[in-house]
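In C-alpha cells, one chain follows: the form predicted on its own.
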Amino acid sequence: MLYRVIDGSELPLLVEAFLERYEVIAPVQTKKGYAFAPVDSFDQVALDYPSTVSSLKKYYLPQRETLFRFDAETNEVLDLEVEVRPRVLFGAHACDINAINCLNSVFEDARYPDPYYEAHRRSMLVVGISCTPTSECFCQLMDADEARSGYDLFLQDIGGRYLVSMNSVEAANILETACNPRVATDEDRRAFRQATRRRQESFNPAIPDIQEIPMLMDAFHSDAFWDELGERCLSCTACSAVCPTCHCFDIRDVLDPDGRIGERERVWDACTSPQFATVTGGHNFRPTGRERVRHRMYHKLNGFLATHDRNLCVGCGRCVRACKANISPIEVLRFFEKKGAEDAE
C-alpha cells in the first residue's frame, strides 16, 4: 500500500483525467437526494454527500440483464454481444466498497464463477472517499467503516487536502499524471488521525453495540419478536432494492412478439417477496412475513458470516430510510439490547 497527499484543488484534474478514458460514475444531487450517476465534469460531483438512495450494486449486478438470446423453435442459443464500458466509480464510501467485496465473495466463487459479473468487475476502477456518518449509519458495528481492500484509490479528507491510499498501478499512474502527489508529512499524518477520530465520534450512540450477534440470532430464533416484525412487513421489497449487498435474482425467459426468438434475463429478486420461496408444485417454504423477515435478518447477521467470514450487512442505513414499517437491522440490535437488559434484572 502506498500513500500520497494531493491538494483539494487537484481533484477536478483527477476526474478530468479519468473522463478521458472511462465513463465516470459519481454521486450527484437530485431532487430526491443523492444518487450515483454518470458525470461529464467535476462540477457535477457532490463529494460531501451523506449517502445515496441506491447503491453501486447496479453497476456490478444490473437490475435487469440479458444473459443470452435463443431460438424457441430450434432450441438453439444465439450469439449475443454485450458491451461492457470501462468505468470509474468515483466517491464510494467505505461501506459501499465493503459491500462490493461481499458481492465479490458470492459471484467470484472459484467453484461457480459468474462471467457476467466478472466482466463488469474487471471494467471498474473504484475511487473511495471518506465520509461523516449520518444518524442511520452503523457501519462501525458491522466492521465496514474502513475499506482495507476493494478499491484502487481511497481519498481521506484531511482539511483542504487528501491523503490518498493507492492500491492499483493503473489508478496510481493516472493520479501521478493528473496531479502532483507528495509524500505525507508528520502534519498530514496528525490531520489524518484527527479526521479519523472525528468520524468515529460522529456515529449515533443511540444505536446499540451488541456483541455475539450470530449467537443471539440463534438463541432468539423462535422469539415472538419475529411475529411482530412479520406483521409489520409490507413485502414491498424496498429494503432489498436499496441494499448494496442483496444479490438474489430470478431467471426469466421473455419472448419477442413473434414468439420465436427470446431472451433469458436475470432480474433482481428479494427474499421478502411472498413468492420468493415458492417451488414447483406450489409449495411455499416461507409463507409468512415472520419467516421471510427473520430469514433476511439471519442471512445478513449470521448466515453469510459463517460462510464468508464477514457480515452481509455493512451498516449503510439505506434500509432504515427506505422501510415504511421501520424494520431494519437496527431494530434487531435494539431487541437484543432489550433482552440483555431483561436478563440483567
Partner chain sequence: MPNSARVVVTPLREGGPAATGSELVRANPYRPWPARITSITELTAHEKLFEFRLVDDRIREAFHHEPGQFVELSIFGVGEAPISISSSPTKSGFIELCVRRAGEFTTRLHELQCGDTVGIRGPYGRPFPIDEMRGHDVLLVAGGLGIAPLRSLINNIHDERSEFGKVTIIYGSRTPKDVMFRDQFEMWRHRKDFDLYLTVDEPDDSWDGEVGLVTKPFEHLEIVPDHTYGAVCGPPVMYKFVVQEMRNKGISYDHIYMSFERHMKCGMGKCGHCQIGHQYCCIDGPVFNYWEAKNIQGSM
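Residue numbers count along the first chain shown, from 1. Worth saying up front: this structure is predicted, and the values here are computed from it rather than measured.
What comes next is about the form predicted in complex with the partner chain, which does not appear here.
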Practice task
Answer with one of V183, A72, A224, V169: the residue that has a non-hydrogen atom within 4.5 Å of the partner chain in the predicted complex.
Solution key: A72
Exercise for the section: Give a yes or no on whether every one of R21, R122 and D250 sits within 4.5 angstroms of the partner chain in the predicted complex by heavy atom. Expected result: yes
Problem - 4.5 Å heavy atom contact, D209 and the partner chain in the predicted complex - result: no
Exercise for the section: Although the partner chain is absent from this view, report whether V28 comes within 4.5 Å of it in the predicted complex, heavy atoms only. Expected result: no
Problem - Contact of E176 with the partner chain in the predicted complex (heavy atom, 4.5 Å) - result: no
Exercise for the section: May I ask you to state whether D269 is within 4.5 Å of the partner chain in the predicted complex, using heavy atom distances? Expected result: yes
Exercise for the section: Sort through 29-37, 315-323, 294-302, 51-59 and report the only stretch with a non-hydrogen atom within 4.5 Å of the partner chain in the predicted complex. Expected result: 294-302
Completion exercise
Contact check, 103-123 vs the partner chain in the predicted complex, heavy atom within 4.5 Å, ordered by sequence, gives V106, F107, D109, R111, Y112, P113, D114, P115, Y116, A119, R122, S123
